[in-house]
Structures are given as structure tokens and as C-alpha cells.
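Encoded as C-alpha cells, the following chain is the form predicted alone, with no partner shown.
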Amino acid sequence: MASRMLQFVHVPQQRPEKRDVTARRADFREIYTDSDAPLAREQSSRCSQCGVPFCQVHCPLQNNIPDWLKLTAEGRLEEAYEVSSATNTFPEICGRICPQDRLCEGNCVIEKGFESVTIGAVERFITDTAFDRGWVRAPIPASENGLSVGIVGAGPGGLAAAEQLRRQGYAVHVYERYDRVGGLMTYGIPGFKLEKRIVQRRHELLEQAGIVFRLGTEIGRDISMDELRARHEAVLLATGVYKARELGGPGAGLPGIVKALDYLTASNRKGFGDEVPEFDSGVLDAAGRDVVVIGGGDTAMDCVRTAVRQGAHSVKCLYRRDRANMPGSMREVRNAEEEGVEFLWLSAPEAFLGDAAVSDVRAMRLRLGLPDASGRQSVEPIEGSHFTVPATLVIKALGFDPEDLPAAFGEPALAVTRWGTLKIDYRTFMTTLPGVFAAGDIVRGASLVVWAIRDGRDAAAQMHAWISEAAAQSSPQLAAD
């Protein structure tokens, strides 16, 4: 079977085809067509099966990528799915939205000259095939252990922890303040990257396993932290971070300047068929407007591409560094450019112009200077380089910070770091409240879905260990067993 691998010297990289640009600009369906089995097998055979798999090393979940690539190349798809899902709770989601060019594929040892293995596309194909053939089953435990856990937040971290703890036999209750499961996967990421049926499919499996979802429930408002702790043996906080970073300067408070998450949530809710007054009134609708998105991460890419689909008159992205230093996925930048987005590199806003609402952005050109304390090149303004960009809708996509978490949870005993994230013991994931754990963005700050999944799985393991130890101490017979 080994002869089926190392084909990168003979077989060129081939990704799944993209839908026609004109067609995909008009809807929110995913832009990549589905892979077929021959393409997946051929592309998997390009893996070099290297002794030190840097793709795996640079995957937050430490996925056994060379193993399931080899199994796919050999046509053993059910085994490939079992290996893939052993370390990843949502491989079909990561295959769609992970920035593989910065993680596994970007560290593939055959990248230079031959182009990397299309790891993300194969991962998506394996799991979609597993769903189609009925290999994906609800995580129903072999037996119940009579203990319960509460999880606050139904995003990727909370759901990953819920799935792991349910497998251990816990009664799992997930508390979510919104009306749907998925967190940013549902409301923050547009359908052209992740169709919502994919998230709903996982939600249904988790419900089939017996996990109870308490939607529209906010901790500190509908139920206190003390009450939550009394209900369960342990609690996990995995709510993410949603507070948008603000943008200063003259005119920053003008109508027509909106937050990225508000904009994306309104668009996704509209896609669900919800009533969205801010969208219907035009406040969060880009149709016919000159749109300027400020920022360079994946959220900014989601905003510019959403504006294109809403029928914006023009869409520009203003970013203070150059293309090489952009934090977002280069693949998403290329997709945006194909769809008609214009990037204004090395540019930053100075002021926002307009009377009753924003009409223009006054910006300046920048140049890269010496590296700063973070190691990234600093930016310096170029004197006399001011220019004006028409903008009747400005979207701030500058990243997210934590809210005042002790106040949000109604629990002043929760300690926070100097960055405002929850303080935990990094070995156990426990906060300063005994039996209360935390994971995901609420601990590490705004990050990737794949990191939230990793944190959720790790936190679940620590919760199980802590509960088991507490139960053993309270029951000498159990300790003896």
C-alpha cells in the first residue's frame, strides 16, 4: 500500500472547484463544490508520510493527519473517519473554516515547489461521506454515572466539552443565551463558509445523545451562578468574547458606523428567516451602499464578502499593514478579490466625515517600520498622504475583547487576568471558584474555532478527573474500587 503514497512528485495539487463567481456573489451557499472519491484519494496520495508530521504538530487538535490521508488514499474511508473523529469533535466544520494555510497545510513539508496536500478539503470529504453513509452516530454513553454537569455557552468549545462529558455518562445541560446552538458558528460565520445545516446536524446528534439544551437562558439574569453550581457537580464557562474593539477619531460616533458582529449576526438571522428590524430598516444592510470594512482578520473577510452578496455598490477593505502581514487567511483574501473586493493596504482611518450619517472615510497611507515588542513590524504614517474614500456604511472589524466577566456572570469571586479574560489554573482549567472551569476564548482571548474545540475537550477531561476524585473521596468504597 505504501506505493500509493508520496505521489506529490507526479500528481499536482488540485482543490475542489469553486462555483462561478457571478453565481456565488448572488447567494450565501458554500463556494466550494463537493469533492468526489477519486479526487480525494488522488490528493491524499500526495502525502509524503514524513517521519515528523509538521501538519499534525501545527494542528491545535494534534489530528493524526498522515494516518487518515493514507486510509483515504487506500479507499478505507470509514476507518479514515474513525481516526479523524477520534481527536476532532467537528471535523466537517474544521475542514470548512479552519485557516489551513496558516496551520496544517501551511506547514506541510512538501509545500515549497510542489504545493501542500489539500488537507482541509479531504477532511471535509471524509466526514461528509461519513454522514451520508450513516457512520456518524450520536455520542450515547454505555452507561449513566448519575452525575451532572452544566456548560455555559453552546459555541464550539462548549459543544466539544458537552460531547466528551456525555460519552463519560454525565447528564449534560447546556445553557445558551441565544435562541440557537452554535455560537459564532451559527451567527458570526456566513453561510458561504459554513452552511447552517452543518451546525444543525451536529446539534441534532447531541440532542439524540441526551444532552439538554436550555436556550434563551443567561447566567446572572435567568439563573445565578450559585444556583447553577448547586444543580451540578461541576460547571464549565465557555461563552466566548463578543465585545467589539472600538475605533476612535473625529466622527467615530456617526450613524452608519457599525460593529462587525452586529452586521454578521443580522445577515445570518435574515438567512434564517428571522425578523431583523435593524436589517429591514437598512441600518445593517449593505445593499446599494459604499462599504468600507476596517480590519484585516477573518472577521473582516466575512464582512466584505457578505456586503458583496447583499448588493453593495462598492466594497473596500482598509488595513494598516500589507498583504504579507495580514492576520486573516490568504485564501479568504483571494476569494474576496475574485468577488470584487478592493483592498487598500497600508492605510488607516483618520476621521469619518458626514452630517447626519457617515459619507466618507478620511485615511492616510502608512509604511512598515521596525519590529515592535510583539515582533511584528510597526507602522508609521507617511506625511501628506491623506486620501478620502466614499463610505455610507463603515464596518469595524478590529477584533473582540472580553466583557466585564464577573459582572456578566453576577459572580464577583471570579478572578480575571490583566487582559480581562478569566483566570484559570492552566493545568486543570479551574477558575478561582471551586468546581467552576473555563475554556475557549473566554480564557485565551479571541481565537480560532479549532482552538475552542481543543480547549473544550481538554477542559472536559479535567472536569471528569476532578469530579471522579471528589466522588472517590466522598465514597471510601469507590476509592477502594
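None of the values given here were measured: they were computed from a predicted structure. Sequential numbering from 1, following the sequence displayed.
If you look for the form predicted together with flavin-adenine dinucleotide (FAD), you will not find it shown, but the lines that follow are about it.
Hey, of 294-302, 377-385, 141-149, 274-282, which bit sits against flavin-adenine dinucleotide (FAD) in the model of the complex at 4.5 Å between non-hydrogen atoms?
Among the candidates, contact is made by 294-302.
Which residue, G328, G240, G256, G191, has a heavy atom that falls within 4.5 Å of flavin-adenine dinucleotide (FAD) in the model of the complex?
Selected residue: G240.
Looking at W345, F131, F114, Y178 here, can you tell me which has any non-hydrogen atom within 4.5 angstroms of flavin-adenine dinucleotide (FAD) in the model of the complex?
Answer to the contact question: Y178.
So, E195 and flavin-adenine dinucleotide (FAD): in the model of the complex, are they within 4.5 Å at any heavy atom pair?
Contact check for E195: no, nothing within 4.5 Å of flavin-adenine dinucleotide (FAD) in the model of the complex.
Non-hydrogen atom contact F400 with flavin-adenine dinucleotide (FAD) in the model of the complex at 4.5 angstroms
The answer is yes: F400 has a heavy atom within 4.5 Å of flavin-adenine dinucleotide (FAD).
Exercise: L39 in contact with flavin-adenine dinucleotide (FAD) in the model of the complex, heavy atom 4.5 Å:
Result no; L39 lies far from flavin-adenine dinucleotide (FAD) in the model of the complex.
Would V449 sit within 4.5 Å of flavin-adenine dinucleotide (FAD) in the model of the complex, counting heavy atoms only?
Yes - in the model of the complex, heavy atoms of V449 and flavin-adenine dinucleotide (FAD) come within 4.5 Å of each other.
Of 132-165, which residues get within 4.5 Å of flavin-adenine dinucleotide (FAD) in the model of the complex if you count heavy atoms?
If the 4.5 Å heavy-atom criterion is applied to flavin-adenine dinucleotide (FAD) in the model of the complex, 132-165 yields V152, G153, A154, G155, P156, G157, G158.
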